[in-house]
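Take a look at this one chain, the form predicted alone, written out in structure tokens.
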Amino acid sequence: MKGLALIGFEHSVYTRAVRMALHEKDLAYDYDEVDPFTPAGQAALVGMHPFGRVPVLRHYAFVLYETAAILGYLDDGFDAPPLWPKGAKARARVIQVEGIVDSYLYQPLVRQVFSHGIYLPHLGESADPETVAAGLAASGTVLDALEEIAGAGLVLNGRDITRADCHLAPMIDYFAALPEARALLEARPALAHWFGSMAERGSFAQTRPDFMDRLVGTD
């Protein structure tokens, strides 16, 4: 134990991104499940996250939130294997992918396609088909941008695992759970190859929410 504790929500793609990094670096950690969508969860996050979100990492007395910051801290603060590639170009691509994920991918692919196409129906709540359609329509530009990066091979190559892989994989996993979305992914061969390689990693399987295996299987 290295004094690490993660506060997260199992269904959160950002929590899973941090958990994947912890697994890739073989770091032991305590885990506290907190649902930020409940009053109890919000109460538990007081003093740790001013915006009431997850994940939050504690390392002894040091408390850190924001996924990109946590991933960077884990990589800088602990031993190999590194999740930060060598070379200025590859490192720039990692930062670029993380920016694409947070700025352009999360809303259409996760909040629209996955939430309304898979997650809300799973919870028995009402979902909006038009929101799914809007997310699918917006996903093409995002997937094309990632396809270009994956095709170049500096990152998202399925071999050299970086923070970008951990940041992106949980969101693509959710997105691809919908058959129409999976078809869009598979139309981008470099990105589809990357995702297939990630799906075979222990960090991916060990952090996948149980409900995903029940809904869409493990293929």
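The first residue of the sequence shown is number 1, and the count goes up from there. Bear in mind that the values here come from a model prediction, so they are computed numbers and not experimental data.
The same protein has a further form, the form predicted together with a small molecule, not shown here; the description that follows concerns it.
Enquirer: Thinking of the small molecule in the model of the complex, which stretch from 148-156, 179-187, 45-53, 22-30 has heavy atoms inside 4.5 Å of it?
Expert: Answer to the contact question: 45-53.
Enquirer: Flag residue 111 as yes or no: does it have a non-hydrogen atom within 4.5 angstroms of any non-hydrogen atom of the small molecule in the model of the complex?
Expert: Within the cut-off, so yes.
Enquirer: Closest heavy atom of residue 13 to the small molecule in the model of the complex, within 4.5 Å or not?
Expert: Yes, residue 13 is a contact residue.
Enquirer: Report whether the minimum heavy atom distance between residue 62 and the small molecule in the model of the complex is within 4.5 Å.
Expert: Residue 62: no contact with the small molecule in the model of the complex.
Enquirer: Residue-level contact is defined here as any heavy atom of the residue lying within 4.5 Å of the small molecule in the model of the complex; does residue 106 satisfy this criterion?
Expert: Residue 106: yes, in contact with the small molecule in the model of the complex.
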